[in-house]
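First comes one chain, alone, set out as structure tokens in the form predicted on its own.
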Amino acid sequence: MKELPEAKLYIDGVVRRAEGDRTYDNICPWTAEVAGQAADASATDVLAAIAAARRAFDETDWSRQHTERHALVKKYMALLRENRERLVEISRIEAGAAIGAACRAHVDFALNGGDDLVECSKAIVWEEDRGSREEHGFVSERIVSHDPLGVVGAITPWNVPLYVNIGKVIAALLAGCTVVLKPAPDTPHMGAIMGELAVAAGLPPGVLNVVTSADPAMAGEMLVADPRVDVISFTGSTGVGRHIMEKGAATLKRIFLELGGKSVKIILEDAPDFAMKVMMSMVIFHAGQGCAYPTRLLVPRSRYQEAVEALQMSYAGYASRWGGYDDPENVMGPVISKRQQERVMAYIELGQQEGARLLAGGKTCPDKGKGFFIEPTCFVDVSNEMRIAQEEIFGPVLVVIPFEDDDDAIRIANDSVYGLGGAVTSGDRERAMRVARAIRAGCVSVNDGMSITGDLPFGGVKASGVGREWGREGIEEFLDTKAIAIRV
């Protein structure tokens, strides 16, 4: 397997090594071996990145030159697309993405989404004429402007790093903000290449900065605490999101959080090709490491046994069809790390202790290699009160829960601290829409509709987050509103 080049920092327009030439090992999930070195930023490096972003926002015209900025970001996206093959290779080696997942959600979905953001930005209204009004005996002409918030600290996860990096960075740049990107320690190269290509695109110094670090918290804590950073945009666990919100309150930062999920898929008894729809509900894509991935499958009790038999067949048929590094049809590889493997396995053990029936999987797979492999796993006879039904596992684990009728399905779906994604399948569109509208979630798919695309807003409710990414709304999150009145 190819080794990746050293991932370097990008600060104030310069690609460079960390202070003291410090690096750390980047571990490949497929082999559990070193795949390359990454710059291990010091606190001094992080401070330099913050200072550069602050200076670029305060002392240059980046925030005001809407047309020129749009053209530069469009050029930047074109360069990312030209480097598609490199991006696919990085996602495979450091994120553990199978080819089928790397070429879809990891890279193409990210690139298409970035192009969508560039197009959506054309609809941003930077200034509105609110007309004249007489108050206190004189007339004022009124204008409402929409201005960039300032310096953005973008803290991103390891599961689909390019997708989340682009969602935050491109939206913030299009809004006129400057950015310090802090990638997850497990996936530094997907951040580093964004710095490298920013140079080629001609982005002004300080507009984008990238700091990688072996310490998962140091750089993020500094971004949250520093008063020169105006916005934190974070994607990750709900626990860390709460911590960021608490710490950000000291400087009254604008906080956007895209957090965990325990999304639900409801298949009603009138769904066409019922058994096939159930079989297609396996949690296998990128080993279940997706925040909006439906990992709770709700099926009608009247067809429950049929659903269980369909799942047993699908999991048995897939048992030998995953885990191949060079298989272009493969969409499931290892989980990201030994730590994550142990976490998922602990939940599988917990599910059995809680009384759920293990229908398929449930073991690690040393026969696949030295990496962090876990079998596609399915639990049936699950009640929604079980921890495996309530807590985000973030692995290839599906739980199956029976329901009595539509209202019971809605009740189970909403009986969760999370509210990120959801799906409903029915032969009756209006019935499916009634259920979909009742689900408390940021995005819901009806009859396999694509509810997550770059031109649509994405985010959650309840413990799944605050704010929206992607689409016009994702750019507008980085804007503030100012009212100006001119006495006539």
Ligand code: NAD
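Everything numeric in this text was worked out from a predicted model, so none of it was measured. Residue indices: 1-based, along the sequence shown.
The same protein also has a form predicted together with the named molecule, omitted here; what follows describes it.
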| property | result |
| --- | --- |
| Touches the named molecule in the predicted bound form: G362 (any heavy atom, 4.5 Å) | no |
| Non-hydrogen atom contact K182 with the named molecule in the predicted bound form at 4.5 angstroms | yes |
| Touches the named molecule in the predicted bound form: S263 (any heavy atom, 4.5 Å) | no |
| In the predicted bound form, D381 touching the named molecule (heavy atom, 4.5 Å) | no |
| The named molecule in the predicted bound form: contacting segment from 128-136, 254-262, 320-328, 383-391, heavy atom within 4.5 Å | 254-262 |
| Contact residue in the predicted bound form, from E89, E221, D406, E269 (heavy atom within 4.5 Å of the named molecule) | E221 |
| Among the candidates A200, L358, A217, V144, the residue which, in the predicted bound form, approaches the named molecule to within 4.5 Å (heavy atoms) | A217 |
| Within 4.5 Å of the named molecule in the predicted bound form: residues from 302-333 (heavy atom criterion) | none |
